[in-house]
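First comes one chain, alone, set out as structure tokens in the form predicted on its own.
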């Protein structure tokens, strides 16, 4: 590499480091509105560690490209391996990754543990291309469903013979959450794989056909009535995937039942 080439390469590398660092220092995730702050913390720890390595390695690359350039009479030198150096960087890297893995397993266990006993219950069923949201009635029990009973009039296959389901409330693309009270979400699919995604709450759970999965969290901020948040599908599920969206409303816990009833026109 010639002198001018080395200088230009070094300058371009430094610019890349500066621009990339400035970009990632800005808030690039949506504001957190739930109790899942540990997820953001884990993301930032990983970003800082990888960012430091990125900055150091690229600055060294820029330095070497500028400092050690081709010159008349220069000869390449063969450098034998250095087992101590290789063991050192391998063990240091393994230790850092072990700490990250250990913390990630603890985080995974905490967010996937049992929901509090007083958590509110809601069921979200993905279906090309909409979200069917069902709340239990006064009995607090969701009625039984069977996909064989699904039809245009009974989208989620609710069993009419089950008395527990007669007071269930079904909404289309509208999810109401209680503020400062844990919400337990049962996630289902009526057809293909979907992914129930609430970016501001750091919640993402695949909806698998033939399976019922659960996720729980606590919303921490009310949403203005005219500015609901978004339910997104984070798994490509067909030609209408782009329009599989719903709205999230966070209301006071004491107003949840009334808000759900009003949305259902009851």
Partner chain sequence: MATHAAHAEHAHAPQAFIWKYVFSKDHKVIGIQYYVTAMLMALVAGLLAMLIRVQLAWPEKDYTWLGKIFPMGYDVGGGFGVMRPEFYAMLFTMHGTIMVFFVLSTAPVSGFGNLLIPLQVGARDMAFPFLNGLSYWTFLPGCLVILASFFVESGAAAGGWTSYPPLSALKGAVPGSGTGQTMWIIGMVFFIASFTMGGLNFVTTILNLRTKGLSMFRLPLTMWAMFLVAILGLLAFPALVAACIMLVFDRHYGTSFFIPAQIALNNVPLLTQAGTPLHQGGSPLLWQHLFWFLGHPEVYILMLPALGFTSDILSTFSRRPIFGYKSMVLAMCGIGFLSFIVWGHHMFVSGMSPYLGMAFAVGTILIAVPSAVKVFNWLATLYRSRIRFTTPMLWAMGVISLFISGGLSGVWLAQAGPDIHLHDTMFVAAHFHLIMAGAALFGVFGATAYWFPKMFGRLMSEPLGKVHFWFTFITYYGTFFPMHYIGIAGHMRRIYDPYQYEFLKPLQPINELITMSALILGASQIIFFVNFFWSAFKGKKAGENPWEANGLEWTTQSPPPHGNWPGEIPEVHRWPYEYSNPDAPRDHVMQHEPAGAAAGH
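Positions refer to the first chain, counted from 1. By rigid core we mean the largest C-alpha set that fits within 1.5 Å across both forms. Given the structure is predicted, the values throughout are model-derived calculations rather than measurements.
Unshown form predicted in complex with the partner chain; subsequent notes refer to it.
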Residue (of 169, 141, 104, 115) lying close to the partner chain in the predicted complex, criterion heavy atoms within 4.5 Å
104
Any non-hydrogen atom of residue 34 within 4.5 angstroms of the partner chain in the predicted complex:
no
is_contact(residue 222, the partner chain) in the predicted complex, heavy atom dist at most 4.5 Å:
no
Can you tell me if residue 16 lies within 4.5 angstroms of the partner chain in the predicted complex, counting non-hydrogen atoms only?
yes
Contact test in the predicted complex: residue 218 vs the partner chain, heavy atoms, 4.5 Å
no
Taking only heavy atoms into account, state which residues of 174 to 201 are within 4.5 Å of the partner chain in the predicted complex, ordered by sequence.
189, 190, 191, 192, 193, 197, 199, 200
Tell me whether residue 8 is among the residues that move between the shown form and the other one (Cα shift of 2 angstroms or more, core superposed).
yes
For residue 74, state whether the C-alpha moves by 2 Å or more between the shown form and the other one after rigid core superposition.
yes
